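A single chain, nothing else alongside it, follows as structure tokens in the form predicted alone.
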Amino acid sequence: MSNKPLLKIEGLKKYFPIESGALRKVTGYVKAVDDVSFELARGEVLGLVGESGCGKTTLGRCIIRAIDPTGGAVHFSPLDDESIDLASADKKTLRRNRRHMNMVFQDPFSSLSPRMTVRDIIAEPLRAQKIPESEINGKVERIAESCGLNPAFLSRYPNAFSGGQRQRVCIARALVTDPVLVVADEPVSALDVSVQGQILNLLQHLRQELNLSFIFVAHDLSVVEHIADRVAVMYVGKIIELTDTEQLYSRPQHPYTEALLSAVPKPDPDLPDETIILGGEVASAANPPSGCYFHPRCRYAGEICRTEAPTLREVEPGHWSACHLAESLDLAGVVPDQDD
């Protein structure tokens, strides 16, 4: 396997203009993704977590150019001898590389056309890539079986399937072109808890079988723990902590991460509830506070936090944090689940 990262993201930004008045004059910007940088190795699963509205989904869509970023670079190397900047690539280059990347959407009910059979839904990316019709049927049936779908039912419409089965259809559609990168946007959050484990196990199996790399977007850290190699925590458009999953859960280096981990359900009901209740509201991406964006809600904040914006820095080998006080704080984590 090549040591060259599959993705190298540098200073990625996505700003949405705020318009007002009859002339639709731009009066400001919502900085949904603001100067994000990280790498993704081949075969790696990176969990991307944070509260609703922190920019996780926007970041995922910018990476695969489902929406155009405002600035920055997304260096994508689907082949060892090729690297392209998805952020600035023209339509022809993007079309040629679409087969190497895809997305699994959050809601399996709204992301499937009710007017198309499951066979046609899964085959649609192949037709968009001009794959000969003689090859399509076999590829569709093979990926459907890999995703736990009975090929005999491919002529049915999505309304005939349960939520878990529909998400399997979404996964099959994302994988039918043999991509190397998949952005999974909260793929289990709309499913019953009993089905979530099945889909997570399926993604794990497919990752190993096909050597896939995933960016796994989620707000539930207990889900990310079971699938991610590393975890990036986002807050108001920025990555504020990034490290190995085990390290993040046992020794967080940012107060926001500590608060998120405190809300992870504990297996023993007799254990005391130590959930950290954050005061105030999530900072506005259109008008963030000075200094550290998290300081109005942080119980450890000092004067430097209110006046100086922290940078994402390596506080110990492989562990990055955007907190002025990272080295001096002793933050509480959770004990990783030993059954996995």
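Keep in mind that what you see is a predicted model, and the values were worked out from it rather than measured. When you see a residue number, it is the position in the sequence shown, counting from 1.
What follows is about the form predicted together with a small molecule, which we do not show.
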- Query: Can we say Gln167, Val183 and Phe216 each have a non-hydrogen atom within 4.5 Å of the small molecule in the predicted complex?
  - Reply: no
- Message: Even though the partner isn't displayed, in the predicted complex is Asp68 close enough to the small molecule, meaning a heavy atom within 4.5 Å?
- Response: no
- Applying a 4.5 Å heavy atom distance criterion, does Trp320 contact the small molecule in the predicted complex? no
- If you check in the predicted complex, is Val30 within 4.5 Å of the small molecule, heavy atoms only? yes
- Task: Answer for Val36 alone: is it within 4.5 Å of the small molecule in the predicted complex, judged on heavy atom distances?
- Result: no
